[in-house]
Ligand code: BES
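Just the one chain here, the form predicted on its own, laid out as structure tokens.
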Amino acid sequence: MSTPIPLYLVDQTDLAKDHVDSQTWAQATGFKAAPNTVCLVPGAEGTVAKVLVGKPNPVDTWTLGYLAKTLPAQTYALADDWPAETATKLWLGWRLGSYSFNQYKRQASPPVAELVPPAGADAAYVETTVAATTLVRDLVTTPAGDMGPEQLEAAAQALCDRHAANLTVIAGDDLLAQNYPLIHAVGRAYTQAPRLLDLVWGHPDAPRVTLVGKGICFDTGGLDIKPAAGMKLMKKDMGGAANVLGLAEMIMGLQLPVRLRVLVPAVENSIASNAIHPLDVVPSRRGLTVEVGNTDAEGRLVLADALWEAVCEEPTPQLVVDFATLTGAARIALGTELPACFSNQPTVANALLASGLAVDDPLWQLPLHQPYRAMIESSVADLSNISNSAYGGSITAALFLQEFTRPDIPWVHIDLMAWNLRTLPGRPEGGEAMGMRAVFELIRQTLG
């Protein structure tokens, strides 16, 4: 094996002080040590002597995230020592930046540059997080024709097989028999039966964590059909389910001492003669009736049944977290790269926000503004699944979900895009894990 090429993170001061021998070359190539810039310093006989990388302030997970695919496909090593936490971030970002989705391409992806594991880096964390993120990205990016409820169940089963977890599946009319009417109503029009995936892992006496993920494998909008532009990316509408499966991969792979439960209502919101109609009234697992003001607000319906199951478990969980690609309103408010989060307990919300910042996986809290609760009232049912106002859509959706939680059980709702519209360092365009590492850190710090 050849000697790795040394890689230095430098700012202008470092460049002038520690790399005097490279200043002429840096000036000739226009390298000024700005973040996200790189300078390959030539060596003898056409080799690369070293690599200078612009150093941001602060150094974070994404500092090296663009290098795996931009540097020549050789092996590199950090030339300087870094604290263990920083070394872990740098290696993780590099590894996440080497990801490609090429299952449908005839040609394999070109080779990528490799980074020698930095001294002190947490190898178990990096390897497991890369595996979890790859799982999320692959699931979300896979076309809906190959990722229906049956295939999502198969992915959950494979995850269980890897970690000796148990998977129970309730499908088709058994959902009605076992009182999951909203999940059944949303998914009954598709050729693959709707189902609830129920994964359990860990010691029964450990602190209990329940994750709920929206698994709408494709969303036509139902009879309130989406326009073509709105439907195009709807293979990603199971991004919440993908994120909770990725989070389960992290929890089980790193052996957090918790009792984990994952609930995924896996359906397609399709169109057929038996699809739910606008203004149908459907019972819920909780017993509340829901008027379907719009069949394209289906994610909150399937989540409602799953959330009520989560909070009614005995013993009760210490934390319930749901992930959902729920509202365009959250994207309008925060853009596509910053997930919105809601919580019924301020201390939990604050801890989650801090965890996200610590691992460079930020979220932004929006309020469960109770005066808006009146906007989801119905004249013919206990609730409507849509607001009677055009404003505050992410908040009213969260308030709808809150009706299927309990105030004594800490609950977090994450409304995410699950998709990168543009390529950023370490985060290529396509399906993405968002909030996953933040919630893992919350669980590890508070329950693990």
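Start at 1 and count along the sequence shown; that's the residue number. For clarity, every value in this text was computed on a predicted model and none was experimentally measured.
Separately, the form predicted together with the ligand exists; it is not shown, and the next lines address it.
Contact annotation for the candidate site: Lys214, Asp219 and Ala329 all lie close to the ligand in the predicted bound form (heavy atom within 4.5 Å).
In the predicted bound form, no heavy atom of Asp305 sits within 4.5 Å of the ligand.
The closest heavy atom approach of Met234 to the ligand in the predicted bound form falls within 4.5 Å. Though the partner is left out of this view, Glu298 does reach within 4.5 Å of the ligand in the predicted bound form, counting heavy atoms only. Proximity of Thr316 to the ligand in the predicted bound form: non-hydrogen atoms within 4.5 Å are absent; the residue sits far from the partner. For the ligand in the predicted bound form, the listed stretch (279-287, 89-97, 361-369, 329-337) containing residues with heavy atoms inside 4.5 Å is 329-337. Proximity to the ligand in the predicted bound form, defined as a heavy atom within 4.5 Å, singles out one entry of Ser109, Asn350, Gln255, Asn294, which is Asn294. None of Met417, Val53, Ala68, Val412 but one reaches within 4.5 angstroms of the ligand in the predicted bound form through a heavy atom, and that residue is Met417. For the partner-free chain shown, just Ile386 of 366-389 comes within 4.5 angstroms of the ligand in the predicted bound form, judged by any non-hydrogen atom.
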